[in-house]
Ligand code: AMP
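To begin, one chain is listed below as structure tokens, in the form predicted alone.
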């Protein structure tokens, strides 16, 4: 039996390939009961997801977001759950974040051209549609042009943080993101911590500035990693979260929503923490 909770999902509002309606239909078919749509730097997919979920009375959509932040030599992604997503001030901030994504995307396409990789910027924007432009959209355009077989293949050499075409964009620091999420009623949670170069020092530092949870039950981790992260979550008194990080990009072996996730108790703890913030 799969998980009943998946707290890390993406739609076409950012860099996922399923619309919010299609994603809701998928997670319902997977038997999930509590899911969080956590698009990058946007909550534009939530209204459609809430509407689509009316067809599935046993399914609950948790408003969430994923924000990219920087530390020296690494990138940290912060998730926020039970976000007050309709706040006008929040939406103005997110609009500026998405503008930065657009500028960075164009700069990366230009840089690819200097490397002999020619993808059309207008095509990248078409792939992104109304969503926030991200590197996966560039990767999909590269697949279309035959430069790589799958989207994930574009990252090690070209689009990843150390890739030849990588371009930085203005980001918050992790502590700024924690403060931002708390300010708008969201419970701040560290995403896929095992990807960090210096994981434990980062967890300790973020705990000191208000981190409330961390991903433990992350579908792309093996059982040894999950167990180690569970120990760290307990040590630092952090809510153990997790999910599939599903994008639907078509990469070989991409895990479906519900492959691995936290227990239902996690949602209760997140909701209680959100109530206390408000």
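Numbering follows the first chain given and starts at 1. Everything numeric in this text was worked out from a predicted model, so none of it was measured.
Missing here is the form predicted in complex with the ligand; even so, the following discussion is about that form.
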Inset, instruction - Considering only heavy atoms, tell me if residue 136 and the ligand come within 4.5 Å of each other in the model of the complex. - result: yes
Legend entry - 4.5 Å heavy atom contact, residue 169 and the ligand in the model of the complex: yes
Inset, instruction - Although the ligand is absent from this view, report whether residue 85 comes within 4.5 Å of it in the model of the complex, heavy atoms only. - result: no
Inset, instruction - Determine whether any heavy atom of residue 155 comes within 4.5 Å of a heavy atom of the ligand in the model of the complex, and answer yes or no. - result: yes
Legend entry - Candidate spot 68, 104 and 247, all three touching the ligand in the model of the complex (heavy atom, 4.5 Å): yes
Inset, instruction - Choose from 179 to 187, 128 to 136, 85 to 93, 111 to 119 the stretch whose residues reach within 4.5 Å of the ligand in the model of the complex, heavy atoms counted. - result: 128 to 136
Inset, instruction - Let me know which residues along 8 to 23 have a heavy atom within 4.5 Å of the ligand in the model of the complex, or say none if there are none. - result: 15
